[in-house]
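Single chain ahead, by itself, as structure tokens, in the form predicted alone.
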């Protein structure tokens, strides 16, 4: 595993090396191309929006979409790539997934089918389009520390650090920032949230946690990779009347969690919002750039939006095109 220092150095180098997108958008085309799009699932807002962005952009560029949905099962998602391989698509956009997709990617490369990943760095991918996860991790670290005014005890939900690279980056850099705050303690053991029914799972685990740490002994709860569990965390705090003394921080910034943050007196105080629809669109455009013989770098980073407190949530909600709050 890379060290934090090498990750930061890599982030700087890659940020400075963002590709110059020389091909004008109006000149891009996927006319006559059939593009396979494999998504790990469409239940979660982020997954669904990334898929919608990729699909709509492929069609806008004149391509035909062949879509497969893994139903949030990583092995099904991986096996779905066999369908696209056997169908002989011209290229594949693969959205999320764990290590089970790697041999599928290798088989596609062997068959001459280029693979473009979304939120999944891979040696077999022509290009991975993703949020700047390095910035997300450090930013939520700083926002967490500021919200706690530099001291307190934090419980951490962190189930995916060892299986999903993007989660490792976000969580490790959050911890890296907090090393500069000696009066902040990350409680052990860490909590393991579930993908399926994540809010309810987190609600139950938070109720158990609150029974172990009475008022005054727990100051915050952070979800290390995403923010669906944070919905359940907030519910548990409100049920127990602990929403005045325990803060919540997380990552993703979908409309549902921004709405919770925007409520008066919400304990959900910090987030970093992504642009999944734009990520999907840019991945589709990168496929077209590839067929136009344009050089692509391995990673394309898409801007994220830091969300600090209630006012930050109101502003981000409008900035991201979800409508208006208040």
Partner chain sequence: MSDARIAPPSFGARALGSAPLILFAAMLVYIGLNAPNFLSLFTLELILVQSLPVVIVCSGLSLVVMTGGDDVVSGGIDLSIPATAVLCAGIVAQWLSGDGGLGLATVMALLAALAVGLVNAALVTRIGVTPLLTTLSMFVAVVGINNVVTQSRRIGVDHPAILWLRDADVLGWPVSIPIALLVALALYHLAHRTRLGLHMQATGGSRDAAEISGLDTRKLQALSFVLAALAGFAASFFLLARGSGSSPGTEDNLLLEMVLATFLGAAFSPRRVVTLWGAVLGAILVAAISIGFKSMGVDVFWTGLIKGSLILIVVAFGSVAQRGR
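Residue numbers count along the first chain shown, from 1. Worth saying up front: this structure is predicted, and the values here are computed from it rather than measured.
There is another form of the same protein, the form predicted in complex with the partner chain; it is not shown, and what comes next is about it.
The partner is absent here; in the model of the complex, the one residue of 143, 159, 126, 166 having a heavy atom within 4.5 Å of the partner chain is 159. The listed set 131, 80, 171, 139 contains one residue whose heavy atoms approach the partner chain in the model of the complex to within 4.5 Å, identified as 80. You can rule out all but one of 40 to 48, 288 to 296, 260 to 268, 275 to 283: in the model of the complex, only 40 to 48 has residues with a heavy atom within 4.5 Å of the partner chain. Although the partner is absent here, residue 193 sits close enough that one of its heavy atoms falls within 4.5 Å of the partner chain in the model of the complex. Proximity of residue 73 to the partner chain in the model of the complex: non-hydrogen atoms within 4.5 Å are present. Taking the partner from the other structure, the partner chain in the model of the complex has no heavy atom within 4.5 Å of any heavy atom of residue 255.
Among residues of the shown chain, residue 56 is not one whose heavy atoms approach the partner chain to within 4.5 Å in the model of the complex. For the three marked residues, 69, 100 and 103, a heavy atom of each sits within 4.5 Å of the partner chain in the model of the complex.
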